[in-house]
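Listed next as structure tokens is one chain, alone, in the form predicted alone.
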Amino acid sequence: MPFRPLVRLIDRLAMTDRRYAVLFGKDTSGEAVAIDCETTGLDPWQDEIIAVAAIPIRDGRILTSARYEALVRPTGPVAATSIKIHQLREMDLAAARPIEEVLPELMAFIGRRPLVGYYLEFDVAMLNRYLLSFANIHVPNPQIEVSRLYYERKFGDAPPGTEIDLRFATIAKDLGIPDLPVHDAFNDALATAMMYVKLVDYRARGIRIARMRDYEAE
């Protein structure tokens, strides 16, 4: 995003809640944070976050014991179509805390570290909705999309016309990631973290992911 430094500067000046100042500045941790949000739908401006998980990654290790995980009580009803996906009913969320309490904790946990995700743009858009409302800022953290890392390792040198599949299940299977139940914030964040660790290792060692045509040529 060409204007990200300018957006960061404007947000830092326009911030209305100093609790979020921890997000700005240079990150020196050497870590990243895999994140996943479960929501009531796919519209960042209408739907709500109802579960979130964030897992630190350091030096190729996934620090599940240091994770942040929370359910979030929505302000409106949870549609049946949404429940079928993530299995979170209104009764499951009745005792959860509101986003006003969860968001400051989550963002303080993330701090300045880069975010890692699958379809991360959506998760960030959901967070931005609340951050703009509560603090007049956007998520300022660097963002690492695992499907882009996967694309580079598998399809970066592919000839025109190559069929490209970037679905979550496809990437997980191709990388040998354990088959975890999906649409669970922790499981999806964990699978994403494992994808990231493996893809970073592949890139560091110059390993490319074979395509079907490569197998056929053997």
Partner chain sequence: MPKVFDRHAPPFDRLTEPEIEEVRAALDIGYFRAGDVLLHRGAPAEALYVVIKGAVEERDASEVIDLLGPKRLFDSRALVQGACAHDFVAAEETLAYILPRDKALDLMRRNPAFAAHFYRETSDKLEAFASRSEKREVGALMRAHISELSLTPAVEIDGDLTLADAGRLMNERHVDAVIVHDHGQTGIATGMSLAKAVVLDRKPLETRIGDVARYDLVTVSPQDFVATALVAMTRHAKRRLVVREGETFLGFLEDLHLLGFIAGSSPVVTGRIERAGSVADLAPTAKEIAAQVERLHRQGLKVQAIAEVTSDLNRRLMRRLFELTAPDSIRRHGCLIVMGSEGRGEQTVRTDQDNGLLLAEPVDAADLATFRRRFSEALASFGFPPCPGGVMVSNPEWSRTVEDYESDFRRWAVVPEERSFLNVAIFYDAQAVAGNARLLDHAKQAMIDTLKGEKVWLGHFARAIEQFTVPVGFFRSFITAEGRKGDALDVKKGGIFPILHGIRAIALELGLTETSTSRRIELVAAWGVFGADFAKELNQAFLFLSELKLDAQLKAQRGLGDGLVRPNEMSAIERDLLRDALYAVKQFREIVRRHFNLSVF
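Residue numbers count along the first chain shown, from 1. Keep in mind the model is a prediction, meaning the values are calculated, not measured.
As for the form predicted in complex with its partner chain, it is not shown, yet the points below apply to it.
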### Task
Answer for E163 alone: is it within 4.5 Å of its partner chain in the model of the complex, judged on heavy atom distances?
no
### Message
If we define contact as a non-hydrogen atom of the residue within 4.5 angstroms of the partner, is D201 a contact of its partner chain in the model of the complex?
### Response
yes
#### Entry: its partner chain contact at D27 in the model of the complex, heavy atom, 4.5 Å
no
### Query
in the model of the complex, does D179 have a heavy atom within 4.5 Å of its partner chain?
yes
### Message
The chain here is shown without its partner chain. Which stretch in 44-52, 27-35, 187-195, 145-153 comes within 4.5 angstroms of it in the model of the complex, by heavy atom distance?
### Response
187-195
